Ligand SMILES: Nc1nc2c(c(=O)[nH]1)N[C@H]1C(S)=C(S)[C@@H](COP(=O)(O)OP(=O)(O)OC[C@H]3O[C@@H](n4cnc5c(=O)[nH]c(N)nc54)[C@H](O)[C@@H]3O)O[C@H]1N2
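In structure tokens, the next block holds one chain alone, the form predicted alone.
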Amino acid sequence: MAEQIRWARTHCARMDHGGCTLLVGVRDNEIIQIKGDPEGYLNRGYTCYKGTVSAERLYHPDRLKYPLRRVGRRGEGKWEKISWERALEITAESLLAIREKYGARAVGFGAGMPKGLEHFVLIRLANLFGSPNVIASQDVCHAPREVSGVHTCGFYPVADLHNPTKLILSWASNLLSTSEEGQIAGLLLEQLKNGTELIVVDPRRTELAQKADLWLQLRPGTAQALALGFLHVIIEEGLYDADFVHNYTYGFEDLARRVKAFDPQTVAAITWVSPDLIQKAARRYAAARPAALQWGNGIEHDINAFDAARSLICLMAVCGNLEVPGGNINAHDPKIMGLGEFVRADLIPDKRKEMLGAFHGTIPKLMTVPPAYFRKAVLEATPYPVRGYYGMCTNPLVAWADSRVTYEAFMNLDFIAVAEIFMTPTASLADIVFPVAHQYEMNDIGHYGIGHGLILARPKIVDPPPECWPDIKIMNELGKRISDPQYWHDDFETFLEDVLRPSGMTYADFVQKGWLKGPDRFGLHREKGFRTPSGKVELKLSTAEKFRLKPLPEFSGLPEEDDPDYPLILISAKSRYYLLSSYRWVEKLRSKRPRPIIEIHPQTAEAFGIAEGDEVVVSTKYGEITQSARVTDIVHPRVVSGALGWWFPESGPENQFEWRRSNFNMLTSIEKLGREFGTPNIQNLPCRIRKA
């Protein structure tokens, strides 16, 4: 007789930043069904298609199920099965040999988007090994908003969608398609149902834009110009919060002088948004008290990321929307172990001075290395040689800007180890590949360290294949071999207990509760000021000269100059069916989006003789790829929107999964970088198209 379905509660992970509370039905150690939990703190029953089919990741016949050692030439796709002991031994010996010859900083430890506790165990591993170089995609994701927030107002300003708000200004964010660090569409839809106004700023007419009271279809690459235009209207018309500005901001008069040049007519010429619409949107945002600015990481995708983030924080501040319910808040953590203590930052006191980014003058508080600088160190030994790489939850060959340079760098490394669930283009270049347990197969804590003031329980639901280990276990065992074993645990799950110990809860208690949230401390600035050198929101940075930063946000020009040979502007949009380059091999997801799609306006398609479904060659001055045409008026006639993260699992590791054919990052370059975060232009690129 078949076992009855057992239902377990957990939180979605590794499909995006996660956060949806899920009910998972299990029978005979197999997941049968997944649905949203109506009592979910972030989602209230909502979940996306990716979440409902997420168990399919676990059951693919080509899933990695034992450690592999490369036996052919790098990238040839030839492997032999080895034991865990041997795989760990080879990895440890190789990393220690590099440390002996070049120093600990010659090894980079790589992560993709933070997905769980493993991200911080990786930082601990790097710290204990002695390397200051954790290589992450934060240059184009999260850090420009978070770190700019810390410098401007002392915290990362999170849109508070849990309390009633009069207006949501959704800027480069599309919660109906992809979540933003735990901001889930369910909360936004609930606000709209209760009468909240919605303004959307996005080059594409997204589903969210169709629900908006106002949609501003700005020219890609001009976010900061539009924000400065909003500030011009609000300041010139006296619509700002005079009390907050007078008591809690620094540099208002300087900001007012800066935005004087950004009148609606001037900004309209830059952004393609009409002067009337700029005025109307600015006035509505200023009039709504409170208003929440829900910003997405689209503003972080070109060299002007710092200006874009700073200008939007200034907008929040002058309208009095910081640290108020329903505005943009400082989300305080619950009583849990602090990040510094967890990663043992005390054992690497010179990290900030020694990490690769420091030599290139990246902004203080950015504690990961931009991938551009990692590759420069590999290929040029600038500022010092880097010869080894350990990576998890990441696929740099497709995900990092300028894939040609990434390939060259990885082919030149002395040693590469990658932990993965499935063979990927990057894993196909590795010397050792570790097979990992995935979500539902391990105990984990979600949202730790993301800055949203809560953590989520992700308990183990089913057993993994016998030789698939959680990332945390792999690093715990590797850590004992490449650093002092006293800093590692007999049982890797003790890390979960470490995080929770200050709360007085065990992991079992935490799973029963489901989530922990820090206290709401609205208006804390009225008692303590803001955690900046001036104690105020720094509309003008008091530390600008000290850190060689721009004191005021500015619009100094497009990220790349117009080029008559490349008359269109290329952008991208995340797919609701994938997590960037992940899961092209999950059949239920692939069937929804089987090919990489480039969106082209009907007028543009007609001008170039392109019809729906045609193969289209997309070119920039850096390279060209092929994607399939979708003819649609959701993009501007001068804009095309390509698909990110494409590779083809069906073509096999011996072909490195044809990562060049449709990979968006064949069209990007790291020639130009924003100094603050090392951000390249991965969108807003002059391009041209032709029918293949």
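Numbering starts at 1 and follows the sequence shown. In this text, all values refer to a predicted model and were calculated from it rather than measured experimentally.
If you look for the form predicted together with the named molecule, you will not find it shown, but the lines that follow are about it.
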Check all three, H151, V318 and S542, heavy atom within 4.5 Å of the named molecule in the predicted complex: no
Heavy atoms within 4.5 Å of the named molecule in the predicted complex: which stretch among 158 to 166, 290 to 298, 490 to 498, 232 to 240? 290 to 298
Among the candidates F120, F262, Y583, F410, the residue which, in the predicted complex, approaches the named molecule to within 4.5 Å (heavy atoms): Y583
In the predicted complex, the residue from L255, M392, V134, V618 with a non-hydrogen atom within 4.5 Å of the named molecule is M392
Would I482 show up as a contact with the named molecule in the predicted complex if we use heavy atoms at 4.5 Å? no
Under a 4.5 Å heavy atom criterion, is R521 part of the interface with the named molecule in the predicted complex? no
Is it the case that R576, even though its partner is missing from this view, gets within 4.5 Å of the named molecule in the predicted complex, heavy atoms only? yes
Answer with yes or no whether Y285 is in contact with the named molecule in the predicted complex, where contact means some heavy atom within 4.5 Å. no
Pick out the residues of 636 to 665 whose heavy atoms come within 4.5 Å of the named molecule in the predicted complex. L644, F664, N665
